[in-house]
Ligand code: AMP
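Just the one chain here, laid out as structure tokens, in the form predicted alone.
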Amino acid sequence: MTTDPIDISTHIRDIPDFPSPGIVFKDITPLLGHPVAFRSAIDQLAAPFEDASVTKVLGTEARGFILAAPVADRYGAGFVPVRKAGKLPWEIERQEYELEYGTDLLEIHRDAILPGERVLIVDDVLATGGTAGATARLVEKLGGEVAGFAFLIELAFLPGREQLGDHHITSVITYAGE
């Protein structure tokens, strides 16, 4: 069941100075709690890739899980969680990525992506592109092909898009300024 697109930005709450002074956190909790807005958001994430022959949809921990699983369901595709280090119980592939101050690790089960599978990467926010870029490298290490990226929110004043190469990128809501 699809809905007409609605302005889901009215269901995003700004939280100033979280998690640190000067940051305006984009809280998607009101969106998740509103069934019509949530359904519309999922529709808007999924629609640009309807003809992309997606076989797997990856969601990155933690809010990406909430968005990616229903997108996978729309396509009849598998859902794959990409986790922070130490959370997966089986053989893993890992990818280090840069943070503002230091590095972090993402992990995926080695059998989650088969060679040649077309993978859509879904997450809540595109900011600096570090998490999304690391997720794409995990897909490629396992022999998958990145079909594209779908983000609920894009912070266009940060360089995230530049980190993702020539892949198809869609964002439901774009914030041009802080």
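Since we're looking at a predicted model, the values are computed, not measured. All residue numbers are counted from 1 along the displayed sequence.
Below, we refer to the form predicted in complex with adenosine monophosphate (AMP), which is not included among the displayed structures.
- Among heavy atoms of residue 119, none comes within 4.5 Å of adenosine monophosphate (AMP) in the predicted complex.
- Residue contact with adenosine monophosphate (AMP) in the predicted complex: residue 125 places a heavy atom within 4.5 Å of it.
- In the predicted complex, adenosine monophosphate (AMP) sits within 4.5 Å of a heavy atom of residue 130.
- Looking at residue 63, you'd find a heavy atom of it within 4.5 angstroms of adenosine monophosphate (AMP) in the predicted complex.
- The contact with adenosine monophosphate (AMP) in the predicted complex, taken as any heavy atom within 4.5 Å, belongs to 26 out of 26, 137, 39, 109.
- Heavy atoms closer than or equal to 4.5 Å to adenosine monophosphate (AMP) in the predicted complex belong, across 154 to 177, to one residue only: 155.
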